[in-house]
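Quick setup: the structure tokens below cover two forms of a single protein chain, split into structure 1 and structure 2.
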Structure 1
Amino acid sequence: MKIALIGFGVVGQGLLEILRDKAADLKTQYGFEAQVVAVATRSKGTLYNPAGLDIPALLAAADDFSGYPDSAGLTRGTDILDLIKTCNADVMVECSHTNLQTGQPALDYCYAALDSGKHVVLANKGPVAVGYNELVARAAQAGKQLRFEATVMAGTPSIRLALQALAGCKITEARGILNGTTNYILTQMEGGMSYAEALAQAQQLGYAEADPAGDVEGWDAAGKVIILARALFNSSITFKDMDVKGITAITADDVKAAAQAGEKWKLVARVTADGGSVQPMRVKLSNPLAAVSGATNAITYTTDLLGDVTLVGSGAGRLQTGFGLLSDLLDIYAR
């Protein structure tokens, strides 16, 4: 499978580390061999070699593409849209910075990839939240796959559980903790750390978005609510239709007061066919969400045939999100 990687930050590097370290296992167990033919970023430029780029050399040059060695067939500095349209990749993997307002420029990259006959796999939430219907339509027209497991709960299979494993059940509600950064901050504050220090740690650990305001103000979780609303309920809900509040107003005293009452603060997201919300709330220690700590996330699907089905797992991080991309690539490969 030939891959064009758009965006080469924490998540893109995570995917390439996994492809490097698991190459032998992936080949033996699944017959899966990945070749990265193109890497494109707006800040560092592009690298393209139709015969394949060297993954360890890419990782070594992640901060500065001039450190990537010249070799036969290598092209640098191609316009990103041109590269997407003309490269020989089978799949475009989109993991550039999320813009939840416009989805751009990634949305145009996705259209270009689908229109030129490439599957699209995203960790970037913006294009899915903003352009879901158009993306699905173009993927259908092209006869290609559109996959976005990594956009909700990183590699924890929240989308696959709902769309594939629970197919045949009617899901009436999804609710849970969908942002790793804020759950990490709240957990650290319970241990006495300041909000600012906990946020700085979440950034260092690669949990936070490039602009962490979207995490702490609830918009990242709201973007995931919109993705779930589109994928599960075919709903056209937008940010304007939702009550969204983050954790910026929660003080150390609030956290202490909750603890004294045997409760914890959690940023809880909820989505139904009729709407969605993201709200901080105090939950009792007996509530299963109280045990979900750090960058771990949880989602409960309420279904007609099984009742509640809950999935708990990593919600953010380098290898965790990189795995989400890999799981989609393997699924496309298996079809």
Structure 2
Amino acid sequence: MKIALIGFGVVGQGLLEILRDKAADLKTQYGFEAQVVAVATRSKGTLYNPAGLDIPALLAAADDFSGYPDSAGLTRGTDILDLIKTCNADVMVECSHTNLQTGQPALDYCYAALDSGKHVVLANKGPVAVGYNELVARAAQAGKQLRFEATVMAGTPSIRLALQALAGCKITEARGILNGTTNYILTQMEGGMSYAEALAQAQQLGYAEADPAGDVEGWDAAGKVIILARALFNSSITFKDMDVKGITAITADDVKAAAQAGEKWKLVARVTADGGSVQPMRVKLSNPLAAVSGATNAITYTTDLLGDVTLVGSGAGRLQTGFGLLSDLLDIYAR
């Protein structure tokens, strides 16, 4: 499988580390051999070699593509859209910066890949949240696969569980903890920290950005709600249709009051066929979500045949999200 990788930050590097370290196992167990032929970023430029790029050399040159050694057939500096359209990749993997308002420029990258006969695998939430219907239509027209497991709960198979493992069940609701940053902050507040102290620690550990608004105000989780709404219910809800509230107003006294009542605060994302929401709420200790601590994520699907099914796992991370991309690549390869 020939891969064009768009975006080469933490997630893209995580995927390449997995492909490097697990190459022998993937070939032995699944007959899967990955060849990265192109890597493109808006800041570092592009590298393309139809005969394949060297993964260890790519990782060594992650900060500056000028450090990648010249070789026969190597092309540098091609426009990203032109590269996507003309390269010999079978699959485009999109893990560039997320824009939840427009999905761009990643949405155009996805269109270009599908229209030029390539499968598309995404870790980038923006294109799926903004352009899901058009992406599905173009993928069907091209006879190619569109996969986006890594957009919700990283490599924890939340979408695959719903669409494949629970096939035959009717899912009426999904609800869960879909943002690890806020869950980490609330967990630390349970231990006595103030909101400001917990946020500072989350930033120090890399769970929260310098500007944490997307996480703590609920918008990251809301983007994942939109993706689940599209995938589960073919819903066209937008941010404007949802009631979204973050955790910035929760105080240490609020956390103490919940504990005294045998409850915990959680930022709960919820989606049904009628809409979605992201709200901080108190959940009873008997609720499976109450036991989910730290940066861990969880999702509960309510079904007609199995009742509630809860999946708990990592919702972020270099290798964890890289695995989400790998799982989609393997799924495409097996078809």
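No experiment lies behind these values; they were computed from the predicted model shown. Here, a residue number simply tells you its place in the sequence of structure 1, counted from 1. Note that the rigid core is defined as the largest set of C-alphas that superpose within 1.5 Å between two forms.
- Each structure shows the same chain on its own, and structure 1 is the form predicted in complex with L-homoserine.
- Once both forms are overlaid on the rigid core, the distance between the two CA positions of D90 between structure 1 and structure 2 is under 2 angstroms.
- The Cα position of G191 differs by 2 Å or more between structure 1 and structure 2 after fitting on the rigid core.
- Once both forms are overlaid on the rigid core, the distance between the two CA positions of V255 between structure 1 and structure 2 is 2 angstroms or more.
- Once the core is aligned between structure 1 and structure 2, the alpha carbon position of K284 differs by 3.2 Å; this is the C-alpha shift at that site.
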